[in-house]
Ligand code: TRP
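Only one chain is shown below, in structure tokens, and it's the form predicted on its own.
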Amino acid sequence: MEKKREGFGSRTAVIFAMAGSAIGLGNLWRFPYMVGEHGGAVFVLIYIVATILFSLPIFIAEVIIGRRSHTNARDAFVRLAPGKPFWRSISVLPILIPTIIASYYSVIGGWSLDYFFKACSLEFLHADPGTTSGIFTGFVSSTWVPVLMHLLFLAMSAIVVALGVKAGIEKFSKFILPVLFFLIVAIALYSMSLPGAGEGVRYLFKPDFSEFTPRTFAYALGQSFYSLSLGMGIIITYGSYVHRNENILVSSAGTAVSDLLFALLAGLAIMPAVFAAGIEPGAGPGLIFQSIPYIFCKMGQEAPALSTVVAGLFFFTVIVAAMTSLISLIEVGTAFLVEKFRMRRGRAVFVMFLVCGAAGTLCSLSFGPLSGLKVSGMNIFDIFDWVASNILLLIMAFLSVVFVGFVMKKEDVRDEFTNGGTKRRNVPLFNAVYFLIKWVAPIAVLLIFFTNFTL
């Protein structure tokens, strides 16, 4: 007799949990610097269109795989395609990918935790604005503090996962997402009030089509995939917790809209402040840790108390966003260990903590004692990020839509999408969505993959 699995309690819980996975570092840390590096508003426009036309169908496909299989991300393909060795052989990817990403995400989470402590201890208030980049460089290149912050942040996230799907992930998501939206709106309003911030708003929303290039198009598509946690095994895992009577289309669309809205708010929180301070928007992955403290230092010269409060709120927001991402990543491996090896949830989470903790420690040390260990100019952290984001994630997203479009029976896909025909409003939309999953989405993924290696 199959052991009863945990599941989300309601549609609200489904949307909150899936949105919690999508709304995280991909939006707050990655989206602003990607916008800055790839054309501003043109990138934003492509990102919005890509989310609706390409990423949402892939998201739906992964939910269908999860709910239809009713098991963890590794066993989902095996259960739905029994006797097919290829799908068994690639089924390790949905476990490997989130484990790799969790390892370096927890390092970034550790950075945000340390910067929150710095803000609370008034370090930015007393620093010279010209030295803020040096604060970041000195911190990440040190040995023990970044590692300890990484392990502390990883432990905080692991505790939530250990509490379970309903008591941990669902309750955390329901509480923290409204808080996260409130914080990002507050910071965005403040950012847009700064002198010179209007230029940052125009940069986000007034397209200059001369900035459009094939690389901009591909990177916007890639950011859309990354932001919605596609190809990471997360949506398949969370999909397996979705009840049979839940409307997949509504839940998926609600997640995509929430993700888009938060990404735009993150842009409004950061870009106006960056332009107000006269900082280069294409500063890269260190944008929020190198550029934003500069703004707080400048602010501190005129309004010390306000500077301290805003700096604390900003980095607390980064911590929360990072936790929502990391929790979903840890849950993928945890679900696999619980169901495949019959581990207790607490023990499975501890195994994930050890694996991600060890790998993340190497990533953290790659900015300091292991900085000389490089491949093609990339340190260990960069290699983890590049391999996961540019190779494994795309391969998994491609395989997911191919699986739904060509391996699963169309009748089974229709049954999941329409709940056996009971969701009448979904019925007339099925053929269009199925076409996007089967033909359009695979081409989009291949386009990103090709661009990453040729342009």
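Worth saying up front: this structure is predicted, and the values here are computed from it rather than measured. From 1 onward, residues are counted along the sequence shown.
Beyond what is shown, the protein has a form predicted in complex with this ligand; the following relates to that form.
Peer 1: For residue 27, is any heavy atom within 4.5 Å of this ligand in the predicted complex, or not?
Peer 2: Yes - in the predicted complex, heavy atoms of residue 27 and this ligand come within 4.5 Å of each other.
Peer 1: Given that this ligand is not shown alongside this chain, does residue 252 nevertheless sit within 4.5 Å of it in the predicted complex, heavy atom to heavy atom?
Peer 2: No, residue 252 sits far enough from this ligand in the predicted complex that none of its heavy atoms falls within 4.5 Å.
Peer 1: State yes or no: in the predicted complex, is some non-hydrogen atom of residue 15 no more than 4.5 angstroms from a non-hydrogen atom of this ligand?
Peer 2: Contact with this ligand, no.
Peer 1: Can you check whether residue 329 is within 4.5 Å of this ligand in the predicted complex, heavy atom basis?
Peer 2: Close contact exists here: in the predicted complex, residue 329 approaches this ligand to within 4.5 Å, heavy atoms only.
Peer 1: Thinking of this ligand in the predicted complex, which stretch from 78-86, 186-194, 223-231, 244-252 has heavy atoms inside 4.5 Å of it?
Peer 2: Within 4.5 Å of the partner lies stretch 223-231.
Peer 1: 325, 334, 157, 364: which sits within 4.5 Å of this ligand in the predicted complex by any heavy atom?
Peer 2: Filtering the options by heavy-atom distance leaves 325.
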